[in-house]
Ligand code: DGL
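Below you'll find only one chain, the form predicted alone, shown as structure tokens.
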């Protein structure tokens, strides 16, 4: 299949996944959607997430993707695939951020791990359930961090205040934990702060996903070929463009989508 790899998130968090994908699989083409009109997903209901994700999936299908990556832990945690309205009409793999990470943790030597995530994701106990379903000997705690996504999305947020908020959540984290799972794709944006403040191993689920995709995507680089990366957003295109310059170190033009037209009914 020659179609693009399509991925989405509520905002700029999924760019952390996109960056690792473009680094590891440079020959692939990519479509990224940031639903900034409805960020954050973590404060919504399961019903909201099912509706939103169905709309996004349907819109992404027009690109004839080779796969879709839910670059959002909240969506990965609570989306009900039985609600996927057009599932019978597509035959492509769909990846979330939970399973591959849980498999890696489950086969590790960790006795206890902590997962920072959004309110909705922690309420689902998805990391604890998925890890302990494979290895019930590992203790897992999940901590809701509602301040992190708005903080990370705010480019003008005071750096000192960022450190204080991170300290606040570290105080809520068990000192017995040996590893910290960044259970939201926004959180790798503050990995540098975490590395200064904790001795826990920092686990980015995107790294685990990359390992799983090695057999499906092209890893060898070819200087004669140039990949295509297209960024779309439902609001604030200037924010995505700025983050792409700061984080992806690329100048990608962003296309703005009318949120009222993102859902296209399939026949």
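Residue numbers count along the first chain shown, from 1. What you see is a predicted model; the values in this text were computed from it and never measured.
Just so it is clear, the following notes concern the form predicted together with the ligand, a form of the same protein that is not shown.
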Practice problem: Indicate whether the ligand has at least one heavy atom within 4.5 Å of a heavy atom of residue 181 in the model of the complex. | Solution: no
Practice problem: Examine residue 115 and determine whether its closest non-hydrogen atom to the ligand in the model of the complex is within 4.5 angstroms. | Solution: no
Quiz item: Taking the shortest heavy atom distance, is residue 213 within 4.5 Å of the ligand in the model of the complex?
Solution: no
Practice problem: Using the partner position in the model of the complex, report whether residue 39 sits within 4.5 Å of the ligand, counting heavy atoms only. | Solution: yes
Quiz item: Out of 190-198, 169-177, 68-76, 100-108, where are the residues with a heavy atom within 4.5 Å of the ligand in the model of the complex?
Solution: 68-76
Practice problem: Sequence order please: the residues of 130-169 with a heavy atom within 4.5 Å of the ligand in the model of the complex. | Solution: 149
